[in-house]
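Single chain ahead, by itself, as structure tokens, in the form predicted alone.
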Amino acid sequence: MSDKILYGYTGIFDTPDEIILAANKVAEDGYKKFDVNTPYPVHGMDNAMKLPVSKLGYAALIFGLTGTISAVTLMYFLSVFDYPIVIGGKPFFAFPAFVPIIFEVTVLAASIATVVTMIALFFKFPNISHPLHDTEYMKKVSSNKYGILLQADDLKFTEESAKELLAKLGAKDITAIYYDQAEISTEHKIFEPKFISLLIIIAVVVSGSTYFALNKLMFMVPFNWMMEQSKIIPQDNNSFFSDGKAMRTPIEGTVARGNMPYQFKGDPESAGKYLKNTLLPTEKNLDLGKKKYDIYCSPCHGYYGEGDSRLRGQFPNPPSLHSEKVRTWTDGRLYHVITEGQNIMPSYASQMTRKERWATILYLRVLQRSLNAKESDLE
């Protein structure tokens, strides 16, 4: 045994109650460096061993907060400084929209980094040698027995006292465990050439397999069947028809079910003359109009219709909606502008339903009345 160094003493117990009692007695006796091995988790073992709270939670907290701060910082920089875009009147950094991404990055960073910390620092990977490996003790506690280990580097440890304590607790097969010389010389080298080479090989194999699967395999039979379907793709050529076009012009005079076409297309004067707003200025309709106005109209016209665009410098500022010309327009004339657009203003027929357009006009009338009140309104 001259070439071996003592690692500790082990003892075997037959029942969970015995190992719980033994762990409690060892902890009460003052041992700090000891371990318990069981074939399955034994309820109450942490308290019996008087184990402190794991420090792994601090790693999870640090990496989780790092993920949160990194996600918020990156998205704030991109949305405010690098590529600012106004979407539906929302601020550049619309925090609620980013919450799901922040949550995902936080959980991902905390979980992955915690596992890496546990394996690299606590389990000392890639060093996988351990004095208990391949011992009779480990074979028994991995099957149907329960064992306890008293480590020799504990300040309270002596060979005689360890054997005496285990015998006093009723342990069987009390055995001395020694380091092998190879285990003593093995160091925890994360950057060991063989380990780094293994990581490189894994990275190359995973990257190559991913590239092949996504860029080659998916284009082979039968995986390409979903891509090469017998269907007509919009704006593509098609030799079946004489004009060579894939998209067909609807038959003249046909109308989609439940959708009457706008009858005053290109005729704003007639729209202003014949179209009437059938919605009443109720609280519900005004709330709907305000919501749609703030989303679609306010980025250019401003929240109060004064033409103070938030897109200043990107587009020409629109005129104020409080001008004499706009105030005297009929609701039908305003509806026509929203439906077909005017000058550089696009049509909003695809974004707003007919009811929403009429409700928006109701809210616009409220804005106009608020800045152009009559004397009767002040009485």
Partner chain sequence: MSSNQTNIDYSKKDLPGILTKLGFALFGVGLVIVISAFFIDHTRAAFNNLILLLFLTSIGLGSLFFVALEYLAGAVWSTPFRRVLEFFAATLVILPIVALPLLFNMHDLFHWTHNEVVQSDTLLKSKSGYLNVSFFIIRMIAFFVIWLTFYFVITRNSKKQDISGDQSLTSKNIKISAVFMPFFALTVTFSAIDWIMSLEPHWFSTILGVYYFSGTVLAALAAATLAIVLLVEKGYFVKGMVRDHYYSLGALLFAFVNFWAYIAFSQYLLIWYANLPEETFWFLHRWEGNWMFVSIGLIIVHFIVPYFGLLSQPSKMDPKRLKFMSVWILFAHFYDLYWLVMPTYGKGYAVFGWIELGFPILAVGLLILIFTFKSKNQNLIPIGDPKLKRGLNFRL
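Numbering follows the first chain given and starts at 1. Computed from a predicted model, the values in this text were never measured in an experiment.
One more form of this protein, predicted together with the partner chain, exists but is not displayed; see below.
Checked against the partner chain in the predicted complex, the residues P100, G253, P222, G266 give one hit for a heavy atom within 4.5 Å, which is P100.
Think of it this way: in the predicted complex, the partner chain has a heavy atom of just one of G208, P261, P193, P96 within 4.5 Å, and the residue is P96. Put simply, H43 is close to the partner chain in the predicted complex: some heavy atom of it is within 4.5 Å.
With a 4.5 Å cutoff on heavy atoms, T66 does not count as touching the partner chain in the predicted complex; it lies far away. Taking non-hydrogen atoms only, S323 never approaches the partner chain to within 4.5 angstroms in the predicted complex. Contact check for V53: a non-hydrogen atom falls within 4.5 Å of the partner chain in the predicted complex. Look at 197-205, 292-300, 87-95, 238-246: in the predicted complex, residues with non-hydrogen atoms within 4.5 angstroms of the partner chain sit in 87-95. No member of the trio E306, V366 and Q368 reaches the partner chain in the predicted complex with any non-hydrogen atom inside 4.5 Å.
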